[in-house]
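Here we start with a single chain on its own, the form predicted alone, put down as structure tokens.
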């Protein structure tokens, strides 16, 4: 059984964050582990409070775990603030981790700031340690300081900013009847598009978390990045389709109910 580590914030509703990651890992037959970077007060109706953990708290969790168990893949999600980010960077720097997926979470789906985008140095340092980063369109535009919408160009530019990592740009924020995720693979310079019909649903909470943790699982299971990206994109599309008629809470339900 492959071991997958999620380094992420806690979501009490389990629609996103560490709890959603663990549900995905279990569904894909992997063993999920977790390091908490921040505690949140949130539900399907949004995020009301965020309490990032200290650098010391993040490092202590990781040092204790990773001195005993090394994962086959790592998904990094919400960082919370620069202090928590420093703890995450310490772990990425000091342990032989592989198949590292970094989800560049800056805003929640409800618009709550989850990281100070004005202080990107710590975030970029972590992104440079990744094998692949998974921003959405607003995040990559914010990181690059542009309003360009050309997905393949944005992915290439972000890769250069991060000193050469692969970029899997999520397409959910684009317009149109289809959703296209875009992979720029740094290993061969290829650009691959994964297109699925847009699902009419309000159950979109945690979509990015589900995609990035799914990607980490498939990479750990031995699939190439291009294969894993395609499978992760299809997984999210099917999860949205199967969960579109489910009801949980009074706001945006989980993207993945499994």
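Numbering follows the first chain given and starts at 1. Note that this is a predicted model, so its numbers are computed, not measured.
Keep in mind that the form predicted in complex with a small molecule is not shown, yet the notes after this line are about it.
(request) Evaluate residue 236 for contact with the small molecule in the predicted complex, applying a 4.5 angstroms cut-off between non-hydrogen atoms, and reply yes or no. (result) Residue-level check for residue 236: no, no contact with the small molecule.
(message) Given that the small molecule is not shown alongside this chain, does residue 47 nevertheless sit within 4.5 Å of it in the predicted complex, heavy atom to heavy atom?
(response) Result yes; residue 47 sits at the interface with the small molecule in the predicted complex.
(message) Taking the small molecule as it sits in the predicted complex, is residue 42 in contact with it (heavy atom to heavy atom, 4.5 Å or less)?
(response) Yes, residue 42 is a contact residue.
(request) May I ask you to state whether residue 16 is within 4.5 Å of the small molecule in the predicted complex, using heavy atom distances? (result) Residue 16: contacts the small molecule in the predicted complex.
(message) Looking at 24 to 32, 200 to 208, 66 to 74, 225 to 233, which stretch has residues with any non-hydrogen atom within 4.5 Å of the small molecule in the predicted complex?
(response) Partner-contacting stretch among the options: 200 to 208.
(request) Kindly confirm or deny that 78, 105 and 108 each have some heavy atom within 4.5 angstroms of the small molecule in the predicted complex. (result) Yes: 78, 105 and 108 each sit within 4.5 Å of the small molecule in the predicted complex.
(message) By the heavy atom within 4.5 Å rule, which residue out of 130, 114, 161, 122 makes contact with the small molecule in the predicted complex?
(response) By the 4.5 Å heavy-atom cutoff, the listed residue in contact is 114.
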